[in-house]
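Below you will find one chain, with nothing else, as structure tokens; this is the form predicted alone, and questions on how it binds or moves follow later.
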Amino acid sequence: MQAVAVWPERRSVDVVEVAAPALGSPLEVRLRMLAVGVCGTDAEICSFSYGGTPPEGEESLIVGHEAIGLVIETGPEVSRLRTGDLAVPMVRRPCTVPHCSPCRSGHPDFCVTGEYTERGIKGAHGFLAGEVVEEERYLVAVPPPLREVGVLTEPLTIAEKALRQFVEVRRRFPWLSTASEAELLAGGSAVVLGAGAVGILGCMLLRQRGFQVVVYSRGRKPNPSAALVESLGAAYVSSEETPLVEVSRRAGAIDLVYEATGASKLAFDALQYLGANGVFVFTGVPGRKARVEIAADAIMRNLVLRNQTVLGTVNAGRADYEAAIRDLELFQAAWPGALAALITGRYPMSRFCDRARSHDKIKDVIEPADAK
């Protein structure tokens, strides 16, 4: 079968022939891969600047971490999945260090050692292949109506985890300690930085939960991202036309800033406009660039005097994957066609790096040649 693999030492990414996988334990599942999304992490793998670390003792890594597949075989002890089911695989795997409480408790997205592995990124082969074998515990079932858009599950988990942490931070206030999630989120104001797939999916989640949302991104209107954002009932503002201070005036007291660009200068500029008791969530990983100047004194003053919280969030756990699938169903019902519009192209394996590096997309997916 074919797969896409990266050789970091020789700095190449190629479509290769590899042996089809076989079940190795009674708890494993074999899937035919239907679609694999490409994102900024994949662009960095293709440029050999981040990720792309092969498994121990191997020279290459099969890439791809945003995926959906069709179950074609199950081990005898698999209980939740059946042949013909759709499933999304999780990305991160726990480290083996005994004292890492997050990993030992099933939450490797909070790993404290850094010795975790990530399929398609770090130390474990990914999903951009004709077939993949995975343990059932790392697979989440997907309803049939989500077959064409289920590949968006993994990028949505980033927002799911961010919102879950936002709720917990809000509960630190004595007058909200016993409030329901709906009460904590009601009437919230959010600014989303970036109108790529992660940003727009974050916008969808926040709108679905009742937030007023402004999406702040580079492109001038009209453009496909702006049209999609506005179809959700959110505002789209171009950074090429409007300064951040105007966004702050439009949004009012900003409860949440959801950063989805990896642009550090923009992020720290936006941090200055976070409201009292607000939460700023970083999701992007900036590349190695020149130093940027930030208003450090103003940021520090606001954090202290306005009781603000800044947090970073990476990858996601099983609860976030399950929440993402439930919310994809809600998004389909609320905004028919919006999820499909997020996927701007479907391409063969040979286009992986080309599409990962491209800027003329919201979300592109790669379809293995034998996907049906």
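Position 1 is the first residue in the sequence shown; the rest follow in order. Remember, it's a predicted structure, so these values are computed and weren't measured experimentally.
The same protein has a further form, the form predicted together with a small molecule, not shown here; the description that follows concerns it.
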* Using a 4.5 Å heavy atom cut-off, are Leu34, Leu146 and Glu367 all in contact with the small molecule in the predicted complex? -> no
* Counting only non-hydrogen atoms, choose the one of 166-174, 289-297, 228-236, 153-161 that falls within 4.5 Å of the small molecule in the predicted complex. => 153-161
* Does Leu205 reach the small molecule in the predicted complex if we count a contact as any heavy atom within 4.5 Å? -> no
* Spell out, yes or no, whether the shortest heavy atom distance between Tyr50 and the small molecule in the predicted complex is within 4.5 Å. => yes
* To do: Mark Thr41 yes when one of its heavy atoms lies within 4.5 Å of a heavy atom of the small molecule in the predicted complex, and no otherwise.
  => yes
* Closest heavy atom of Leu311 to the small molecule in the predicted complex, within 4.5 Å or not? -> no
* The single option of Val132, Leu139, Val91, Cys103 touching the small molecule in the predicted complex, heavy atom within 4.5 Å -> Val91
* Structure fact -> Picking from Leu274, Ile121, Val213, Ala195, the single residue whose non-hydrogen atoms come within 4.5 angstroms of the small molecule in the predicted complex is Ile121
